[in-house]
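Taking the form predicted on its own, here's one chain by itself in structure tokens.
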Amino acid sequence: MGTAAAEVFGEAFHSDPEGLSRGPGRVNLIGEHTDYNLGFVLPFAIDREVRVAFAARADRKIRLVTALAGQVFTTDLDSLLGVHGWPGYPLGVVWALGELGVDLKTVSGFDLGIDSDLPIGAGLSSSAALESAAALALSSLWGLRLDRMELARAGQRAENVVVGAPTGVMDQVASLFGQPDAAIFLDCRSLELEPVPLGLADAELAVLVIDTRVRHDHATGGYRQRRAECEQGVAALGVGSLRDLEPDDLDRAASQLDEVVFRRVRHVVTENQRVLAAVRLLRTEGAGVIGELLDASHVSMRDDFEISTAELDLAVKAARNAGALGARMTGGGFGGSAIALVSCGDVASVSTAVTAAFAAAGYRAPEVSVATPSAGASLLGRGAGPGGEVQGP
């Protein structure tokens, strides 16, 4: 796909790029809507990604093109805000790098050609993948010395301020810090992180991604409302964040909050506990025993946080009935994907069962694939950026 990004670049700009970068999507194994509540998450980078072909310009102009859109979007370094649609993600990264101290008056403009095999709106964080790939490209072009966590925060700021999606930092961290066969255990308050080996191949297990093909947009609607409800809970309970609450605090919360806000708070508090439990089990017994936690996470998102859909619920139910060890929706909700932990020998039968269940319900056929925990974002064939590595295409 690096070649595809270069071809998109060449067709649009009639020249060759100077370099390539890649940003993988992510699957969140467990820990949903806990990141912006400063809690715990356990995502991993996957083997589907956004790739960016890039080159510097001699002026301040910015030109962007994607394989999907085709038409070149043109602006400049002085006109980064007020942009709608996909250009807001890379332009938002530029703006956020300026917030981090990069002098945007002294850097060059650039051309980007973008290609992806990540479905948009599927809950696999195509937006953070694009932000991460763009951040590495700009770091290379401009000779920046920012570390990967600073680039992750730049991606989050781009999403929050320029795009208008009130997300946490989990997606960008997963895309930038992913490791093969490992999940990233992230404390979203301290930003301390630790790879947690998954050992899927040795255990003969696989993570199925069931893309319901029901699309969502976190810049609008329910996601924003859920975050506001969490903030209501914080204010009413007089805590710094929902991270500060333990299960023993839920009785007090129930007495002080209305029913809806209480259920939102209960999800976050119990989901944090499920992440911690999953990490303990992965370290001591392996991935084969976390299925019940995945199931419980889905029930909590369905009933307490109310972010599931009929299609996501059916994907989870059909996978479990067909032999999955555990299943849950993944991502921000209101559409997107579910994941199922399955034995490698059951991949085909679970996939078939889910597809048949969707057909019987009259739903659009899902896209079912295996997600492989993979390395984080990198430069392809140009001088090393943050993290120091250069990987061949």
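What you are looking at is a predicted structure, and each value in this text was computed from that prediction instead of being measured. For every residue, the number given is its place in the sequence shown, counted from 1.
Missing here is the form predicted in complex with alpha-D-galactopyranose; even so, the following discussion is about that form.
- When alpha-D-galactopyranose is considered in the model of the complex, residue 32 lines it closely, a heavy atom lying within 4.5 Å.
- Shown alone here, residue 335 lies farther than 4.5 Å from alpha-D-galactopyranose in the model of the complex, counting heavy atoms only.
- Proximity of residue 86 to alpha-D-galactopyranose in the model of the complex falls outside the 4.5 Å heavy atom cutoff.
- Shown alone here, residue 257 lies farther than 4.5 Å from alpha-D-galactopyranose in the model of the complex, counting heavy atoms only.
- Screening 319, 170, 176, 114 for any heavy atom within 4.5 Å of alpha-D-galactopyranose in the model of the complex leaves a single hit, 170.
- With alpha-D-galactopyranose left out of view, the stretch that reaches within 4.5 Å of it through heavy atoms in the model of the complex is, among 45-53, 23-31, 361-369, 338-346, 23-31.
- Looking at alpha-D-galactopyranose in the model of the complex, residues 19, 110 and 142 place no heavy atom within 4.5 Å of it.
- Within 4.5 angstroms of alpha-D-galactopyranose in the model of the complex, the stretch 172-204 places no non-hydrogen atom at all.
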